[in-house]
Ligand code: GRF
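Single chain ahead, by itself, as structure tokens, in the form predicted on its own.
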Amino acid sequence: MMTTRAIRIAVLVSGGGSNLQALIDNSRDKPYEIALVAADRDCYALERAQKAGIPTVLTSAQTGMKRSEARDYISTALLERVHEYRVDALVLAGFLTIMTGPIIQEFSQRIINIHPALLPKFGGPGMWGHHVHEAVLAAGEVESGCTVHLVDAGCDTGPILLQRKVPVMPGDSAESLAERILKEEHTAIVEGVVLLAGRLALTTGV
């Protein structure tokens, strides 16, 4: 009988880190351990990781870099670090850099992202944070939610693993809709990592 171990994940962050906190708080008896938290800018999520005793790295772009150069630089630096920490999979939890290059190929089928809308609607470049919720409201949608999907070379284009839905209420603002969705994200991100761990156990024996 094949035995499996918990997968070692790197959680990639750019902001407050409430989804990271959900992963930390729910890690007991789950098939994952957080080996590293990496950020592309100084943010509160790093403090959350440090309080939990999790190693952290900051891989921000250099001043004056063009956007494409910054993406390449951050992606290359991240790949070096995840090798160093023997990471099995990557979890993008509010990570704002669109990764490029070898890290996408090397971790193919082993990167997941959580997006604050029901993909394939309201995804792609520029669709992050309040921009997503404002677009949902402007379109007159009656429901929204969050999506956990595999990451490919596109932006919010990988195969969907799971979604959680919420109603759009009369009088909603981008802030009130975001708050309702964020509660679902905290559940979905954990479910997504557990699902990914199961997929890796079947395909690689991790």
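When you see a residue number, it is the position in the sequence shown, counting from 1. These numbers were taken from a predicted model, which means no experiment stands behind them.
What comes next is about the form predicted in complex with this ligand, which is not displayed.
Though this ligand is absent from this view, in the predicted bound form it lies within 4.5 Å of a heavy atom of just one residue from 136, 114, 99, 90, which is 114.
With the partner left out here, this ligand still marks one of 82-90, 69-77, 100-108, 114-122 in the predicted bound form; by a 4.5 Å heavy atom cut-off that stretch is 114-122. By the criterion of a heavy atom within 4.5 Å, residue 192 is excluded from the residues contacting this ligand in the predicted bound form. Residue 24 falls outside the set of residues with a heavy atom inside 4.5 Å of this ligand in the predicted bound form. In the predicted bound form, this ligand sits within 4.5 Å of a heavy atom of residue 16. Using a 4.5 Å cutoff between non-hydrogen atoms, residue 197 does not count as a contact of this ligand in the predicted bound form. Within 4.5 angstroms of this ligand in the predicted bound form, the stretch 180-200 places a non-hydrogen atom from each of 182, 185, taken in sequence order.
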